[in-house]
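We begin with a single chain expressed as structure tokens, specifically the form predicted alone.
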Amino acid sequence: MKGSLDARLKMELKKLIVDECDITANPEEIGDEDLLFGSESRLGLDSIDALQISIAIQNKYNIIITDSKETRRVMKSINTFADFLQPE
């Protein structure tokens, strides 16, 4: 199943982001298409948060994202992130 269609995976990612980035948002309040980074993001995540999330993904899923451009593309939203982790 494609990641963006997997509600369990998306909630897992939301909880991971909240835990790793120490933000006060409730995981259920993060929309699947909400921007995770940038000035238009309501979460206000930055490059340090991206690094923390990348390390957590490496530890949990054994997937390494090394290119910063790829990181920005992959972590655009919960849906893009889930599709990257679970393409089919």
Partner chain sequence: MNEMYIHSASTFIAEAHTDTNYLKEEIRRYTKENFRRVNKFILLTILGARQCINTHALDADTAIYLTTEHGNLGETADVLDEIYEVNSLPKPFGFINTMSSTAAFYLAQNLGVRGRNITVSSQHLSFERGLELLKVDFAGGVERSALIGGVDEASLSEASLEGCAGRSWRMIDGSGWLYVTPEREGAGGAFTEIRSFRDGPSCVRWMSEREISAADVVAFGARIGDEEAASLRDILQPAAEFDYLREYGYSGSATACGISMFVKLYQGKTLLHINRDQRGNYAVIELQQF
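Just so it is clear, the structure is predicted and the values come from calculations on it, not from any experiment. Positions refer to the first chain, counted from 1.
Quick note: we don't show the form predicted in complex with its partner chain, though the next part is all about it.
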Quiz item: Looking in the model of the complex, is its partner chain within 4.5 Å of a heavy atom from each of D22, I55 and N59?
Solution: yes
Quiz item: If you check in the model of the complex, is L51 within 4.5 Å of its partner chain, heavy atoms only?
Solution: yes
Quiz item: Does D46 make contact with its partner chain in the model of the complex, using a 4.5 Å heavy atom cut-off?
Solution: yes
